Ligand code: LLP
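First comes one chain, alone, set out as structure tokens in the form predicted alone.
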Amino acid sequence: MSDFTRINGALACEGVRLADIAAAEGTPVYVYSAATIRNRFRAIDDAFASHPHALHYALKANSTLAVARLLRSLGAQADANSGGEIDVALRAGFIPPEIVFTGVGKTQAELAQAIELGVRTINAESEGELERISALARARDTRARVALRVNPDIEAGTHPHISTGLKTNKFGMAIGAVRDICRRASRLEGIEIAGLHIHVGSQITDLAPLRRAAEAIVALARELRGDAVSIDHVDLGGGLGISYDGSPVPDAADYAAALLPAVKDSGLTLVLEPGRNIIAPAGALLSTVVDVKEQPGITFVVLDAGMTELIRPMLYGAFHRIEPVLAATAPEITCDIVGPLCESSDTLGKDRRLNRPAPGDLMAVMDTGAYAAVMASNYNRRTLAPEVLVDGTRWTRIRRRQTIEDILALET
């Protein structure tokens, strides 16, 4: 389900040639397809249509305002992981009851912000956080709705850096301790325990861990209801992966088939927090070849984009398809595709087969809608790249290129 295709050999996003965007905006530049975002959101929403549910888009995947606004227009709600993301959600038009607030280290100021706004739930990470929420809510003469984040000790089969459901991970409360925590928390006057939250990892392509997590949290919800705790929803988080390399992965229908049996007839509303699955395939990072270097036994293709625009390969050894924007006819070579940063880890692809590029050629790094622009940095004093949203045959710059003046304006 992608709207990046070739038109007469030239890579295009929907009806717009990527070379035309690069000519107007320069490179590096991120390009997003509105059609892909719409189609992928609707695929998940439709797959879960048989059960009461809410899709809270995970802003951590891509929190650019225009993207958030587009998703809100489709019926999405919001999952925020910081006070900053709450502010973005509000500016994008989400109202507080449409926001769940997650995060492993919420500050007093962030908790106070969420309580004063009246967000749908604060997904609490610990017993200590429950006590802090209660104290802040009582000081404001209110009660805060909370969901307990449960750590089920389930291996998600994903990269260790994005695994969140093991007992060795920093997230949530041990599942075996939750009933006792609930009993003690029931005496806290400033909170209302309304739900349970679970999220076992990201880029998950084997649905078995997600199924086990759903079964575990629904069983716990039934136990808590037996203890007179008024659980009204379970938040199963996100984590459904995409295919970065073209290999088969579960789709939205498979995802629903894995989770819905656990919640069917439970009387619980289902909350999901999709992010990557919606937005990653909707994006491409355009970059220009600045050099082709021959070293003994290896060829380096140096781009003007690197780890400052896409840090995933450096952090996780992540794979992204990289292809020429314009059809190439030069002989094929094996090369390493690297960025311009002063780090050996600034590598976007190793041992890739490409028609030999030349300086000035345009390249597209695919599936970069998630965890790309949102994780970008100013290392080496590089300015943040612009972002463009394509809709049919029209495109709009939704974030301009940052300038060095923008960066230095914060300094004295």
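Worth saying up front: this structure is predicted, and the values here are computed from it rather than measured. A residue's number is simply how far along the shown sequence it sits, counting from 1.
Absent from the display: the form predicted in complex with the named molecule. The rest refers to it.
Put simply, of 308, 203, 151, 134 only one has a heavy atom within 4.5 Å of the named molecule in the model of the complex, and it is 203. The single contact residue among 47, 54, 375, 65, judged by any heavy atom lying within 4.5 Å of the named molecule in the model of the complex, is 375.
Among heavy atoms of residue 348, none comes within 4.5 Å of the named molecule in the model of the complex. Residue contact with the named molecule in the model of the complex: residue 60 places a heavy atom within 4.5 Å of it.
Under a 4.5 angstroms non-hydrogen atom cutoff, the named molecule in the model of the complex lacks residue 77 among its neighbouring residues. Residue contact with the named molecule in the model of the complex: residue 273 places a heavy atom within 4.5 Å of it. Remark: none of the three candidate residues (30, 324 and 401) comes within 4.5 Å of the named molecule in the model of the complex, counting heavy atoms only.
Note on the interface: of 236 to 244, 114 to 122, 296 to 304, 89 to 97, the segment with non-hydrogen atoms within 4.5 angstroms of the named molecule in the model of the complex is 236 to 244. In sequence order, 197, 199 are the residues of 177 to 199 having a heavy atom within 4.5 Å of the named molecule in the model of the complex; the partner itself is omitted from this view.
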